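Heads up, the chain below is alone and in the form predicted on its own; it's given as structure tokens.
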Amino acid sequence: MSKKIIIGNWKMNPLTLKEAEKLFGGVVKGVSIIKNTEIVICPPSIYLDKLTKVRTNKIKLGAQNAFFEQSGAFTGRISGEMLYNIGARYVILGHSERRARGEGNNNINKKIKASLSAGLRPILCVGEDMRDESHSYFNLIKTQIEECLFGVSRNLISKIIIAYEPVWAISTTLNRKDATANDSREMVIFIRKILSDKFGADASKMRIIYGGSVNEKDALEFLKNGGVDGLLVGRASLNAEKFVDIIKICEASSK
């Protein structure tokens, strides 16, 4: 069984390299005794090179996006190969903030395939904007998964992590609501069924994690009762003490 995983998404933070090094250093110091939890931090790509040089085998680095072409006349894009060569080993794809700006499943699918080819482990984000009485959000999640994973080899799916990220629960959503562990468990069961139908027994090798304004106060509930293999942490990952607390909660829950 794979270790549980805690992933920190710094988004477009912090403002300076000095702050990034301080934040990263605080996490490194706090996880020295962690043994049974995989830790990934996804900073802005401009910080990857510097943070890679901080010696630690406790934390892996990831990127927040990758383009689907290897190189060429693509101004402003960064390829999976570039990210891998600079030290990234994971990449967040299909995040709700990018989907809200028009990124579709087809492009995400191409990014997943290109990232796998580059040696990166994709973290595929899926999630609904809202929940309705007709439960049509299940069809939305199914479409996201099927289209984003279309044509992906069964031999590679163990490298992909699915992050369930209900948009209605994230901190930046207007009139947001708190998601519960029951919401998470219900969706994880559904996602596992989709993956099993698509990939057969090999689907059990894929980890499913929860993201959606998770913090040090509700992390244990999601880890124990949400049916997940880890957490994708946003705002709380910008505070070293809080992020380390979440990691320690995960570590304790694995015993």
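Predicted, not measured: the structure shown is a model, and the values here were computed from it. Start at 1 and count along the sequence shown; that's the residue number.
Another form, the form predicted in complex with a small molecule, is not on view; read the next lines as being about it.
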**Asked** Of the listed stretches (81 to 89, 137 to 145, 113 to 121, 94 to 102), which one has a non-hydrogen atom within 4.5 Å of the small molecule in the predicted bound form?
**Response** 94 to 102
**The single option of 71, 171, 153, 182 touching the small molecule in the predicted bound form, heavy atom within 4.5 Å** = 171
**Item:** Distance check, residue 230 to the small molecule in the predicted bound form, heavy atom within 4.5 Å
**Value:** no
**Request:** Verify the contact flag for residue 214: yes if a non-hydrogen atom of it lies within 4.5 Å of a non-hydrogen atom of the small molecule in the predicted bound form, no if not.
**Result:** yes
**Request:** Considering only heavy atoms, tell me if residue 242 and the small molecule come within 4.5 Å of each other in the predicted bound form.
**Result:** no
